[in-house]
Structures are given as C-alpha cells and as structure tokens.
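Below you will find one chain, with nothing else, as structure tokens; this is the form predicted alone, and questions on how it binds or moves follow later.
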Amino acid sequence: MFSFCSDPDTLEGAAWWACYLTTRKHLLFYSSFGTVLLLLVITAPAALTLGFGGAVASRSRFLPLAWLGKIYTSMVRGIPDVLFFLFVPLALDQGLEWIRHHLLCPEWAEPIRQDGNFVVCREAKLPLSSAPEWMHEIYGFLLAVVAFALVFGAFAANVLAGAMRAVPHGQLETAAAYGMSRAQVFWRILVPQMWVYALPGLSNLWQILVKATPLLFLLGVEDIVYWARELGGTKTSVYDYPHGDWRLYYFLVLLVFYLVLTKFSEMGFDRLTRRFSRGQKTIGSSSPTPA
C-alpha cells in the first residue's frame, strides 16, 4: 500500500508494521467486519418478519395456518443450530439447481444423484462456473442469510407469541366493546403494547444472533474468524512478512469487537424499552411510565 513496502526484507519497526497491517489480506480482514454487520442488518429484520408471521399464524383461528405456525416454531427450535445452518444452505442450493436443471436441460438423460454425488448440467449451476468470484461470495452469503433468518425467525415467533399473550386481555375486550373490529384491536391495541413485553426476549435473541455470526465460517463465507485464523497462523520465511503463531492476538481483536458490539446493543435496547414503555404499565409495575 505504501511505496516503501516494495521490499519487505528491508523493513523494520513501525515501517514493517505499517506494511504488514495494510496487505491485501489484512484489508479483506477489515472488510469482513462489515460482512458480519451486514449479516446482522439483513438477518435481524428478516427474522423479525418471519417471527411476527409465525406468531400471528400460531394464533389464527384457521387451523391449518395455526398448525403451520406452530410446526415452524417447534421444529426449527428443536433442531441444533449448527445442523440447521449446514442443512439449509445445502438443501436450498441443491433445490434451486434441481429446478434450473429441469428447466434448462430437459434433454439430460443421466440421473442427478450419482453414487451419492449431486450432478446437474453446467447451465444449471449456481452461480455459473464462469461467474466472477464476487458472485460466488454473494451467493454464499445470501444462503447464509436465509439460514440465519429461518432459525432466528422461529425463536422470534416464540417470543412475540408470548408477548401477545402477555397483553392484558381486558384491554382487548374493552376495545371490542367500543366497536373496534378484530383487525383494529390487533393493530391498534395488541401490537403496540406487545413490544414492551417482547423486548427483553428479543434483546436476548439479538445477543444470541450476534454470537452466532462466527458460524459463517462453517458455511464457507470468508468472515472475521476465517481471516483471523488465516492471518494469525505461523508464517515461515517463504512469506513476505514471516511471524510466529499470532492467532491469540487476532482472536483477542475479535473478542474486543464482540464485546463492544454487545455493549452498544444493550444501550440500543435500553432506549427502545424506555421508548415503548412510555404511557404503559411496565412489567412488575402497577403505575404507567410517565410520557
């Protein structure tokens, strides 16, 4: 990055560190922090949307819809997260390629399953083998987002369903007595009040989601864990910047990053709790919080 970095063998002290910390791999390491934050920014609203839909479905008077909501929350919550994270991207990837294979290669005569291998025509591959590397990375990242959203959406559905049940039923009956329709009672009375009951559980779920982001490494995404292990490992003299086993220091950086992210998350949820508690009876209190 710097002009004096052309010959690493002549570097010492601060110059060595300046060149070492600005190599291409280190720049990818720094950008991988953005990958983790992007995963959280996309997954959190997606999981909350799925959770809200699951919670509403489980309360439905239409039995098939209620069963669907309850099966979703129960089945996903009962499967180990790691197993689900490994299964969903693989199943989704093969499912999409299977559909594309039958649409794009109808003349294909060989079976798709061959001795345990999944084989489709070249045109059906996702992404195409000729696609640039960044498309492969984005595709893998999107599969990871789907897996995270499905898992944490199920947990969010359970939290939101419990929050809906916690809203005093008398308020709902009073609103109905004043002539409100079921939809009006739901959107104007139930939903605004449920958040104060849901936020403690959603806060814990967010922290779990944050701690689960290193699972990106298992899904083949070059995240901060991947680069910390890659850069921190022992580098012999064949490398431009040889060093010993520095993984402890790189993982210490990750530790600080997650602690800082957790602290800011707690501050954010504290503000949300105060915001949604205004004018309502708070949990464990008989008097409403002043507006």
Partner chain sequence: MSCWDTFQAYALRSLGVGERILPRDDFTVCQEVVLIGSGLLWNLYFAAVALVLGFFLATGLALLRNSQRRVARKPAEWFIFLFRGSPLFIQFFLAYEAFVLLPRAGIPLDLGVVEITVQTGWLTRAWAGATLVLFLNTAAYSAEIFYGALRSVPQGEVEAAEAYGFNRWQKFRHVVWPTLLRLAWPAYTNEAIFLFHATTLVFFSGFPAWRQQGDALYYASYFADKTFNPFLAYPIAAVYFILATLALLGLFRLGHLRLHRHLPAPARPPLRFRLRLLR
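The model shown is predicted, which means the values in this text are computed figures rather than measured ones. Numbering follows the first chain given and starts at 1.
What comes next is about the form predicted in complex with its partner chain, which does not appear here.
Contact with its partner chain in the model of the complex, defined as a heavy atom within 4.5 Å, holds for exactly one of Arg188, Arg77, His102, Arg182, namely Arg77. Of the residues given (Val145, Leu205, Leu199, Ala175), Leu205 alone sits with a heavy atom within 4.5 Å of its partner chain in the model of the complex. Across the proposed site, Phe87, Leu90 and Lys211 without exception bring a heavy atom within 4.5 Å of its partner chain in the model of the complex. For the chain shown alone, Val41 is not a contact residue for its partner chain in the model of the complex, no non-hydrogen atom being within 4.5 angstroms. Its partner chain is not shown here, and in the model of the complex it never comes within 4.5 Å of any heavy atom of Gln171. Its partner chain is not drawn, but in the model of the complex it has a heavy atom within 4.5 Å of Thr262. Among heavy atoms of Ala46, none comes within 4.5 Å of its partner chain in the model of the complex. The stretch from 64 to 72, 218 to 226, 30 to 38, 51 to 59 that comes within 4.5 Å of its partner chain in the model of the complex, counting heavy atoms only, is 218 to 226.
Residues Phe251, Leu252, Leu254, Leu255, Tyr258, Leu259, Thr262, Lys263 are the members of 250 to 265 with a non-hydrogen atom no more than 4.5 angstroms from its partner chain in the model of the complex.
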